[in-house]
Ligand code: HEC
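Only one chain comes next, encoded as structure tokens, the form predicted on its own.
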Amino acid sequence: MLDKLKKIWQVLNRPSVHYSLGFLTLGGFVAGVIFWGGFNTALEATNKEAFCIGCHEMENNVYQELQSTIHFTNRSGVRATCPDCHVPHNWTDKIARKMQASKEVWGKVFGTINTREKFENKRRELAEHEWARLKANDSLECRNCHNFTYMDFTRQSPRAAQMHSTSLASGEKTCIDCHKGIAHHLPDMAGVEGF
């Protein structure tokens, strides 16, 4: 094994016989730009709602539920799309989330939730994963649109104003602690304290 590594190192360490250093450097730069452009194009293509609802599992289940919420249609005309809530905006967080989401491709390939019945059977597990993710990142995706600093507590219900001014301000809770089911139907929460 060590001999193979030494041979590989010798090949890499040896100057090129056929190409100049400038050509190799320029070629590497151009290849890097092409790779980076292609990578970012693919990343952005997978960060669109059309991509998210491209499979019937999402279009026929959670997307249908979203359409009846204030996040889809409201008086201000601001609409949240799937990536707004499920993909962080910061690049490093986005890449980490995309890597986590790659296992969802396996679910698609193996038909884990390809029928309504299978989806409903996995709904609670899927929801709990998403709630845990949002809890761990302090509801970062919510805060991309809902800035706590600019909330007008006088226009909120007394209960909401009290919760927002105490629990959220102190850092004890985050958005998802109280707003589960805000954009999608809640799973069967039988046996869960507080529901």
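From a predicted model like this one, the values you see are computed outputs, not experimental measurements. The numbering used is simple: start at 1 and walk along the sequence shown.
Below, we refer to the form predicted in complex with the ligand, which is not included among the displayed structures.
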**OP:** Using the partner position in the predicted complex, report whether residue 80 sits within 4.5 Å of the ligand, counting heavy atoms only.
**Re:** yes
Original post:
Does at least one non-hydrogen atom of residue 164 fall within 4.5 angstroms of the ligand in the predicted complex?
Top reply: yes
Original post:
Going by a heavy atom distance of 4.5 Å, is residue 100 a contact of the ligand in the predicted complex?
Top reply: no
Original post:
Is the gap between residue 85 and the ligand in the predicted complex 4.5 Å or less for some heavy atom pair?
Top reply: yes
Subject >> Stretch 62-77 - residues with a heavy atom within 4.5 Å of the ligand in the predicted complex >> reply: 62, 63, 66, 70, 71, 74, 75, 76
